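Take a look at this one chain, the form predicted on its own, written out in C-alpha cells.
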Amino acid sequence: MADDKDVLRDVWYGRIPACFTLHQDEVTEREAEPYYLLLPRVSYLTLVTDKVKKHFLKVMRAEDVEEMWFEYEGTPLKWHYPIGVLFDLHGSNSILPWSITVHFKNFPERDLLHCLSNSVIEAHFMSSIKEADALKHKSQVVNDMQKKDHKQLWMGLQNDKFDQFWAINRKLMEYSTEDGGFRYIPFRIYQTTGERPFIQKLFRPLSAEGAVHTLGDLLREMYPAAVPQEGEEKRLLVVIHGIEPLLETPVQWLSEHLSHPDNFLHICVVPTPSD
C-alpha cells in the first residue's frame, strides 16, 4: 500500500501556471484579454477550463463558437492525456507560464477526440482505472467496488478533493505480502517522436527469481534508447510528474506513489534541452 502520504499529496497538488490566449483567426467583437490559470497536473484540460471558456465567450458571438480545443506551438493538445503529461511532453519549465492557444473552430478531427461534456471525461477516466486494475489485480478490486465508490473516485478528481479520492483509491494500491507487488505495472511511455502515441506492454514488478524491477529495468526492456550506455552522453530525459526519478527506483514504488489518478504510471521520454 502507498504509505508515503507526503509524496501522494505533492503529486496531487502539482500545478502548472498557464496563459490562455485566443487564436488570432477567431472572430471577436472586442479584443480578448489572455486568461491565466494554475492547472492541476493530475487533471484533464477539458475538466478544468470552464472559466477559460466563459472568459472568451464574453467577446464572441454565439454563431462563431464551435467546440473549444487547445494547442501549443502548433500541436493540438490531447485532452484525454493528463495535463502533466501534456506539459512534460510539449512544454518547458524554463518557459513559464505555459502559453496555450484557444480555438473555437476548425476542430482537428484527425488529432483530437471530441469532448462535449464531462461525462465523456468520466467515461475515459473510469475506463483507464478499470484497465489498470485488470493489470494489477485481474479486475478483482474494481469489480468488488460499489457504484458509489466509482463515483467517489471521479468526484474526487473532478472537485480536486485529495482525501475523498484516496479514501477509495488506496484499495486499488493494495496487494498481498506474498505477492510482493501488483501482477503487472500499468504504465505508458510517451515520446514526441515516433508513430505510436505511447508504449504499453506487460511488465511485472518482480523478476521470476523475485528480484525487484527498477525504472531502469523497465526502460531497458521497453525503450532502450532512454538509458545511456556507460560513457555515453545523455540524449533523452525520462520524466514523471515533471521530475527525473532515479533509474534505480523500484517500479512498484513508482506505481504506488507516482501514478496519475487513472492508476497508470505515465512516463515521458523527451530530448535533453540543447541550452
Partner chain sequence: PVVGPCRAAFPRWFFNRHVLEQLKLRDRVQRHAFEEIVHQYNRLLEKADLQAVLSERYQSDKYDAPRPHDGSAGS
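Owing to the predicted nature of the structure, the values given are computational and were not obtained by experimental measurement. Positions refer to the first chain, counted from 1.
What comes next is about the form predicted together with its partner chain, which is not displayed.
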Query raised in the report: Does its partner chain get within 4.5 angstroms of any non-hydrogen atom of R235 in the predicted bound form?
Result: no
Requested in this report: Tell me, yes or no, whether T214 is in contact with its partner chain in the predicted bound form, where a contact means a heavy atom of each within 4.5 Å.
Outcome: yes
Report task. Answer yes if any heavy atom of P76 is within 4.5 Å of a heavy atom of its partner chain in the predicted bound form; otherwise answer no. Result -> no
Query - Any non-hydrogen atom of E244 within 4.5 angstroms of its partner chain in the predicted bound form - result: yes
Report summary line: Answer key, its partner chain contact in the predicted bound form at 4.5 Å (heavy atoms) among E33, D64, E29, E67: the residue is E33
Requested in this report: Could you list which residues of 54-83 come within 4.5 Å of its partner chain in the predicted bound form, counting heavy atoms only?
Outcome: H55, K58
